[in-house]
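One chain comes next, on its own, written out as structure tokens in the form predicted alone.
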């Protein structure tokens, strides 16, 4: 679905953000992109929907060269929710924010209304429909920005730090929504520092540093790699820390566990369970 082929990009032609990045993301995948601030993560996803264009290399979306497509055309396939919703919101009511993109993409009045109401209901925004987005909390504004993209039902949803400003319940709702979208065929790409969120929901992780991909593979492998953790300034997953502590006393326990079920099985084995 998305192919990034040897993409280079430098801001102002001076400050390199991507230095020969190549990857492929297929339909229906769930992929996390992790790395330290300035690693090139956000720059990379902005190339996927045309907000930035490669200075060298090529981007293909659904087999089409993205350089030959407008941002509006790409937005029908790849929806991007920015880290800071204030960079994405600009109208005076929540409802107008959600319907703006739909109208621009040519949806009729009835379809626009139905999509808007459905999306507000899913994200718990119905009671806020006539409120100004800028009167809302940070977490609520992030949900409005997400709603404005989700209403268009993109084939690929890219989110930049979606869990920042969300409480535990909102984070759970977001998780359920992303899993439902993915089950219906939407590919989900998430730029995040929230390692526990990645472990729970993203089978594949891409780790970046200084404009390069330094690891790309199964999440439990990438996020228990000491080199990746150090270079990307990440925290070792909490369950991995627990398994490492257990390994000091019980060498038969792997020090690289990431899932609750794995740790549970290891503890049962220690105490002679079946």
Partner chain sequence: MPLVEFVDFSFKYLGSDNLALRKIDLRIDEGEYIVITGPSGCGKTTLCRAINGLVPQFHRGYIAGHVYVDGHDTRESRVAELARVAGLMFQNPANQLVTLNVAKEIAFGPENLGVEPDKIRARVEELIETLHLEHLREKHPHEMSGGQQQMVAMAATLALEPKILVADEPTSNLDPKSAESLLAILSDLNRDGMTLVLVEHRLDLVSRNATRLVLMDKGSIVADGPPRKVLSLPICEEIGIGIPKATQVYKHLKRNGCVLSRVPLTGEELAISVEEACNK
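In this text, all values refer to a predicted model and were calculated from it rather than measured experimentally. Positions refer to the first chain, counted from 1.
Note that the form predicted in complex with its partner chain isn't included here; everything after this is about it.
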- Message: Is it the case that residue 88, even though its partner is missing from this view, gets within 4.5 Å of its partner chain in the predicted bound form, heavy atoms only?
- Response: no
- Query: Does residue 212 reach its partner chain in the predicted bound form if we count a contact as any heavy atom within 4.5 Å?
  - Reply: no
- Message: Whether residue 216 contacts its partner chain in the predicted bound form should be assessed with a 4.5 Å heavy atom distance threshold; does it?
- Response: no
- Message: Even though the partner isn't displayed, in the predicted bound form is residue 164 close enough to its partner chain, meaning a heavy atom within 4.5 Å?
- Response: yes
- Message: When its partner chain is placed as it is in the predicted bound form, are 29, 44 and 75 each within 4.5 Å of it, taking any non-hydrogen atom of the residue?
- Response: no
- TL;DR on 240-248, 53-61, 203-211, 216-224: the one with heavy atoms within 4.5 Å of its partner chain in the predicted bound form is 240-248
- Note on the structure: Assert contact residue (its partner chain, in the predicted bound form, non-hydrogen atom within 4.5 Å, options 152, 182, 112, 170) equals 170
- Restricting to 201-233, the residues within 4.5 Å of its partner chain in the predicted bound form through any heavy atom are 229, 230, 233
